[in-house]
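Just the one chain here, laid out as structure tokens, in the form predicted on its own.
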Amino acid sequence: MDMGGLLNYAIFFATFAGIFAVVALGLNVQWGLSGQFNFGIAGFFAVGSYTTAILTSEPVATRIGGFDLPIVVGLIAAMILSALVAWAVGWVTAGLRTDYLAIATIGVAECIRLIVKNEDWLTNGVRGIPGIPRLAADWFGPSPWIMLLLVAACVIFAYAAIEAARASPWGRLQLAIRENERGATAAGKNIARARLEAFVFGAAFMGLGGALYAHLFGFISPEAFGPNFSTFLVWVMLIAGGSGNNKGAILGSFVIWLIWSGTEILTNRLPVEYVNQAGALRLLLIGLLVQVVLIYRPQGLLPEKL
């Protein structure tokens, strides 16, 4: 690979890792700040992707949408609709805790995946939605540098918003509920409402990450929103980086994506008959990495500072 190709790959790597960082920051609100076990990240990621795809792509006869709106409208709408879906989910599951909430959110994510897979009139089904405008192409042309800068701006926005929320009385309430729910209840706090707010707030950034993903590739299909890629990997990033620490969520996104993409480069060099087996081995190795982190450094690379 020449230097130009290496530079382009580095830009793509940083852009993709930045998208994961936005999603991991959203998960850090739900788990690291509020202590809610959301295992349905893929569902909110998909909602954000399809929302902006429907709003910003050109009109077609085979499905609804194609409104050809500006990308910024798609990004904002992705956050809003993801937040609304999270509100509906959170309102139903408000009384669930830990593993029960995880099971419920897995079911919600699978329902969303089946909807985007089977409702051709809305999402074009398994054929996916092509022709999504590339990030910043309308303004500056399809420049990978501009794509990277805009994703970086979204990471900074997410980080600043979540840090401000964490330092506010609202954030201190979330930490109090996470550490001692009975004590917060005894103090007269509305636990269900606070948890719902955190769930909705985090899901909005998951939707933003999904929208950025759609504009980065210009095409989405249901296969992109499986649990391994959009849920499991994000959890690994947050755990490895440092749950409860927003900087750790960003660092973990880059470190784990480096490991994941690096192992993909290595496995692609294997003979064709071994590539599929190597893909399963990569998942196993990531799982083992999580176990090692939990045993030897459960606080992650950047521990939370209370």
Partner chain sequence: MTITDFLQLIIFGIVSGAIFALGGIGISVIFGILRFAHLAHGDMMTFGAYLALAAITSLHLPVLAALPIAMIGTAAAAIAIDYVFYRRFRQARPVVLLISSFGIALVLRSAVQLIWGPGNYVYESGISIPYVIFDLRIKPDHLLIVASTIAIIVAFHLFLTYTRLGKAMRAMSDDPDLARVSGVDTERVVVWTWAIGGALAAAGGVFLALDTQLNPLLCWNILLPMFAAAIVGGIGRPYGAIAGGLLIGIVEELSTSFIDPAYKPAVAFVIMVAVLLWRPTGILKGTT
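Because the structure is a prediction, the values reported are computed rather than measured. Residue numbers count along the first chain shown, from 1.
FYI, the form predicted together with its partner chain isn't displayed, but the following is about it.
(request) From the candidate stretches 22-30, 62-70, 249-257, 37-45, select the single one in contact with its partner chain in the model of the complex, where contact means a heavy atom within 4.5 Å. (result) Answer to the contact question: 37-45.
(message) Check Ile265 for me: does it contact its partner chain in the model of the complex (non-hydrogen atoms, 4.5 angstroms)?
(response) No, no contact at 4.5 Å.
(message) Taking any heavy atom pair closer than or equal to 4.5 Å as contact, tell me whether Trp145 reaches its partner chain in the model of the complex.
(response) Contact with its partner chain, no.
(message) Given that its partner chain is not shown alongside this chain, does Phe219 nevertheless sit within 4.5 Å of it in the model of the complex, heavy atom to heavy atom?
(response) The answer is no: Phe219 has no heavy atom within 4.5 Å of its partner chain.
(request) State yes or no: in the model of the complex, is some non-hydrogen atom of Ser261 no more than 4.5 angstroms from a non-hydrogen atom of its partner chain? (result) No, Ser261 sits far enough from its partner chain in the model of the complex that none of its heavy atoms falls within 4.5 Å.
(message) Does its partner chain, in the model of the complex, lie within 4.5 angstroms of each residue among Ala104, Val108 and Leu283, using heavy atoms as the measure?
(response) Every residue of the spot touches its partner chain in the model of the complex.
(message) Only one of Phe225, Tyr213, Phe199, Trp235 gets a heavy atom within 4.5 Å of its partner chain in the model of the complex. Which one?
(response) That would be Trp235.
(request) Scan Ala167, Leu114, Val126, Ile156 and let me know which has any heavy atom within 4.5 Å of its partner chain in the model of the complex. (result) Result of the distance check: Leu114.
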